[in-house]
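Let's start with one chain on its own, the form predicted alone, as structure tokens.
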């Protein structure tokens, strides 16, 4: 969706148009859920935060400043909700559920071994992500999974671009070390483990 269409939907939703609000949710829901799932490692936490973020955004659409990207505003609200939830209790993670989210569907001609390797890689990646600092994990997920540029991540996290680059570099290095130490000869490398 381009920014002009998004702006039109936001303005209509702010006036109470339910279809416009649904369009906004449909457009951003999957990427926000994937982001929160990678951050929390728990589908239940991710789902709760996404729902609460949309409730807050939709009730405050009149406050949105069109000079900024809507997705940045939405992700910032979700991030704050997540950090508040973390302050209340330390989240656990369920690698089976994370691995299943947005995974490749089993195709009739796909070998079982390839599917199993993909599941193992995804689980190893999630375990490794959960062992990063929260800043490193967030930067890695935003950069690799959501394809956000460094400058946007820096604004979103309110930190200098150099710090974002440092977190990205150290996070990748730590991921590589954690995955390599876990693989025990399984032949998986970081490039194969998709976010």
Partner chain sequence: MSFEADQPIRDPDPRVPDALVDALFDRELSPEAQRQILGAVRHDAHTRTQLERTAEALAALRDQPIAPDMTAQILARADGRRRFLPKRLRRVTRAARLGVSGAVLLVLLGVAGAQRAWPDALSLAPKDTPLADVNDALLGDAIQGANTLRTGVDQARSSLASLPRCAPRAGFVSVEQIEVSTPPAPRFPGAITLVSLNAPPAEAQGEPMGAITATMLIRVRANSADARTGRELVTIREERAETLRGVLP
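In this text the structure is predicted, and so the values were computed from the model without any measurement. Numbering follows the first chain given and starts at 1.
One more form of this protein exists, namely the form predicted together with its partner chain; it is left out here, but the text below deals with it.
Remark: residue 169 counts among the residues lining its partner chain in the predicted complex, judged by a heavy atom distance of 4.5 Å or less.
For residue 55, a non-hydrogen atom is located within 4.5 Å of its partner chain in the predicted complex, even though that partner is not displayed. Of the heavy atoms in residue 26, some are within 4.5 Å of its partner chain in the predicted complex.
For the chain shown alone, residue 143 is a contact residue for its partner chain in the predicted complex, at least one non-hydrogen atom being within 4.5 angstroms. Here the marked residues 30, 38 and 147 all reach its partner chain in the predicted complex, each with a heavy atom within 4.5 angstroms. In the predicted complex, the residues of 40 to 54 lying within 4.5 Å of its partner chain by at least one heavy atom are, in order, 47, 48, 50, 51, 52, 54.
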